[in-house]
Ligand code: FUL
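Below, in structure tokens: the form predicted alone, a single chain.
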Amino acid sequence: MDRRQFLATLGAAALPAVGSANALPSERQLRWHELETTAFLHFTVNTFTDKEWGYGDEDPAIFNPAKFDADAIVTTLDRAGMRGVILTCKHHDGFCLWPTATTDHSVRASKWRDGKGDVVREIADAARRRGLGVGVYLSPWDRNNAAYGRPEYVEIYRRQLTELLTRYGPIFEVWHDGANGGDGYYGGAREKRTIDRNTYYDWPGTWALVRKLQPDAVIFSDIGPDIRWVGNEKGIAGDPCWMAYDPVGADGGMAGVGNVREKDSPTGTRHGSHWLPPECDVSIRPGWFWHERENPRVKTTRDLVNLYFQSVGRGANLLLNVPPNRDGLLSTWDTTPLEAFGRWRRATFEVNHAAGVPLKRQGDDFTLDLKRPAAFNVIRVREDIRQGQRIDAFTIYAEVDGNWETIAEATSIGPRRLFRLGRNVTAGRVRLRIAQQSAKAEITELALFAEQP
């Protein structure tokens, strides 16, 4: 993909408007920003072979989650505060979790539901019953398919994508990773196949298909075109974190899916030409698929809270992987910290001590004058990102016992910025002062909360 093709995939909505100092988000990106936290479900034959990356020669009969319960899975995710769920409909091993017409390597050849089951259908229906969005992950690399590496595979891939985007209702996100080519089964060839990841898939053509079939869906990859990878699998965004991003290839040349200079991704590009906000993907376990030996190493509630501040709190979205086990359920090792995380979120953000208080502006100062002093230790700030990300530096003050004290300061805000003060502050007035901005910026929220244990 050359630069002209890449720019064309982004669309005019991602480009700066006349007179604007920054890139601007599209409507689909604005909706995505509001989600804040979503869940990943890594689930396939790997769950039963104890592998992270299947080779592609797995017997489909091994897939048999006898107690699979999509409603139980989604209910736990909902309680944790997840607003969408992305299912690994096909991982690198090529096993499809829906009864596709493109290959026999799917649930149709498994023992589960006597070959008549459809994991995608059950997860999608359960998600909608709970009001969660539905997303799909479809691995470009397929270690099972005999055609992989030849032009005809790209058409197979697009047929699979078409099935997913036309059978299961509205899709909020389509997820493409950058693992492409290598050793595989490939229909019995058992060889290594190498592809040019910048050109082989014709990504502009595939993304055009997504736009046609699911125009409201955001598309994720290393380079977007809607959502970028944050550059690590730790779930941590950069600080500062800019929503704009002009990706560069690993060698400094043209970027592609699976070919970016990863050190740039966490922070993004200040004054970049494209609004490509980061998604922080991380697993609740050391691996992406369920492995019994990892049960004692599941992230704690405290770990999840810290990740929330380091991702959502810096303006990114958090995509937390919670892999089902061999029964087809979430392990209690995972559900216990997840549900406690949900309780912490609800308790902490239930009461905004600034609710209903007008935010008064005078020059570059925004002041809250509370009716009575309030005790708080978490602050949430939002700027009007419909105008782009304009703020480069700011400070927050609190009037304590008649004196103005600095309680927080940073560079970027974007869709949201969270501060965990580390101490309780009791104040009747709070002020945010913009120290540096690329154009006149608007603060849309200055909220005050008391973190609950």
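Residues carry their position along the shown sequence, with the first being 1. Just so we're clear, the structure is a prediction, and the values are computed from it rather than from any experiment.
One more form of this protein exists, namely the form predicted together with ligand FUL; it is left out here, but the text below deals with it.
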Review point. Since exactly one of R143, R228, H91, H274 fits, which has a heavy atom within 4.5 Å of ligand FUL in the predicted complex?
Key: H91
Review point. Only one of D303, D239, E233, E294 has a non-hydrogen atom within 4.5 angstroms of ligand FUL in the predicted complex; which is it?
Key: E233
Exercise for review: Check whether R390 has any heavy atom within 4.5 Å of a heavy atom of ligand FUL in the predicted complex, and answer yes or no.
Suggested key: no
Review point. Do A179 and ligand FUL share at least one heavy atom pair within 4.5 Å in the predicted complex?
Key: yes
Practice item. Flag Y55 as yes or no: does it have a non-hydrogen atom within 4.5 angstroms of any non-hydrogen atom of ligand FUL in the predicted complex? Key: no
Exercise for review: With heavy atoms only and a cut-off of 4.5 Å, decide whether F43 touches ligand FUL in the predicted complex.
Suggested key: no
Point to revise | Three-residue site Y137, W175 and W288 fully in contact with ligand FUL in the predicted complex at 4.5 Å by heavy atom | key: yes
Check your understanding: So which of 96-104, 70-78, 126-134, 280-288 is the stretch with heavy atoms within 4.5 Å of ligand FUL in the predicted complex?
Key -> 280-288
